[in-house]
Structure formats: C-alpha cells, structure tokens
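Okay, so here's just one chain, in structure tokens, the form predicted alone.
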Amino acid sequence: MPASETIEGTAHLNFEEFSQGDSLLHQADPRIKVIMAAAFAGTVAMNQSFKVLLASLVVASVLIALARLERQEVSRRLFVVNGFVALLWLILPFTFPGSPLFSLGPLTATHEGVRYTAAITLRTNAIILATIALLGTSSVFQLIHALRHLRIPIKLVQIFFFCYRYISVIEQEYHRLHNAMRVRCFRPRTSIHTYKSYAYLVGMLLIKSYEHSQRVYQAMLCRGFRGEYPVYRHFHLQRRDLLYLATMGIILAGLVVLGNVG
C-alpha cells in the first residue's frame, strides 16, 4: 500500500466533481456555456445596482437548480469563497470614506463602506454560482476544446491544459516528499530547522516539477507534437443551445435595463 495512504490519507484534487450528470446544462454545448459564463460575469462585475446584484444572485441560483448539483458540495465551495469575503467585512466598512454608520471602539464603519462590501459579497456569490453551474457541468477537456473553438490564443489554452493536467501530479509529489519527512520523524515547530526543512521541501518540489516537465516535453516531441493537439470529436451546435444562448442574452439585457432604471 502506498505511503500516502498509510501515513496520510489525502484526497486528490478533483476539478470535475460536477461534470457528471444529465441535466439541461450538462447536455448544453460547452462553447455556449463558456460564452454565457463570460457574459454573465462581465455584466454582473460592471454593475453597481443592488437590484441587479440581487437579481443576478437569483439567476445564478436558478442555474444551479437547473444543473441539479449537490447542494452540500456547492455550499462547501461557497463557504471557502465567503471565507475570503468575510475578511473584507473586517476591513472595508471601517476604512471606506463616507458618513458614519456605527462605531466599534476606536473604529467607525461608514454607510458607503458597508454598502460597498455588501455589493462585493452579492457580486462574488452570483458569479461563483453561475460559474459552477455553467462551467462546472463540463469536463476540463471539453472546456479546453471549447476555448480553442472560440479562437482563444493556443498558448493560453495549452497553459490552461498543462496546469490542469499536472497540478495533481505536483500535489502527489508534494505528499510523497512530505510523507518522507514524517517517516524521518519530522515534526513542524516554530524553529529555524522547521523553516529550513520546508524551504528544502519547496525547492525539491520545484526541481522535481521541472525535471518532470522536461520528460513530458521530450515524450511529446517523440510522438510528433508540433504545437497543436489533434481533435477527433467536435461539438455540434443544436437548436436548444441557441435557445439557451438567446435566453441568457435576454436575461442579461434585462439586468442592464434594470440597472439603468435603478
């Protein structure tokens, strides 16, 4: 049994937890979903109206419902994101200029600061939910293929592909090195020895990652790689995909109008 299982039962990274399913969004063309996700994120990010942000959060929640994703896993991801947002609530309301709202000791929160932080919270959750529903319902390889079809520069697509393909390999190498340290009775403490040990760990991880990348690149060249990946299965646009795109376009146009009216 591998040392990683006997010493430290670590779960490997999983970026495709929501990609399996038969919902309407799972069956949609990945190219259409990429366009919808980018358009939704851009519209929400550029709008400051609370009416629009609340409506966007409702739209994103509807997309999650249409994707029929497991609520517990979606909530877990939102919890991680909102952990960073919570830090903003500790800083922005008390540092943003404006009219005083309330005081906590020497700190004074402003009305504008609270409003600005609340807008960030709504905007972040709406974009994350929509991204999970639209992009999470496709596999990473489908998204990479879709990006290539959408004329994204090939080098950016390849960087995205290799980051996905080998981040789990780097993770496994990290756990292997860390387990080797634990087998040798390493226990982290607040000491120079601990700092040096972790510095050596990071250094070895970088060296091994570089060596692995060279081996992979040489193997690709031996197999005739010339900067392009051959694709044998292509997407086929269907009427329902155009309907999804048109519906999202109408919704986004409605959000823009709502923002201008507000």
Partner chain sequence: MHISEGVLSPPVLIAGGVLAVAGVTAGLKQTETDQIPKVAVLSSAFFVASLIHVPVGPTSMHLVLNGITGLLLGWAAFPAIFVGLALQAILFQFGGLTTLGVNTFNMAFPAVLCFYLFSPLLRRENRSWNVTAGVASGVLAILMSALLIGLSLVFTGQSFLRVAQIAVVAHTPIMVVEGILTGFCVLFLKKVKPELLVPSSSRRRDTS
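Keep in mind that this is a model prediction, so the values were computed, not measured. Rigid core: the largest C-alpha set superposing within 1.5 Å between the two forms. Numbering follows the first chain given and starts at 1.
Heads up, the form predicted together with the partner chain isn't pictured, but that's what we're talking about next.
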For the partner chain, considered in the predicted bound form: do all three of Leu63, Gly98 and Leu104 come within 4.5 Å of it, counting heavy atoms only? no
The partner chain contact in the predicted bound form: Thr131, any heavy atom under 4.5 Å: yes
In the predicted bound form, does Arg148 have a heavy atom within 4.5 Å of the partner chain? no
Would you classify Ile159 as touching the partner chain in the predicted bound form, given a 4.5 Å non-hydrogen atom cut-off? yes
Touches the partner chain in the predicted bound form: Phe79 (any heavy atom, 4.5 Å): no
When the partner chain is considered in the predicted bound form, the residues of 171 to 195 having a heavy atom within 4.5 Å of it are Glu171, Tyr174, Pro188, Arg189, Thr190, Ile192, Thr194, Tyr195
After a core superposition, would you say Leu177 shifts its C-alpha by at least 2 Å between the shown form and the other one? no
I want to check Thr95: does it shift between the shown form and the other one by 2 Å or more at the Cα, with the core superposed? yes
Core-aligned C-alpha movement of Ile120 between the shown form and the other one reaching 2 Å: yes
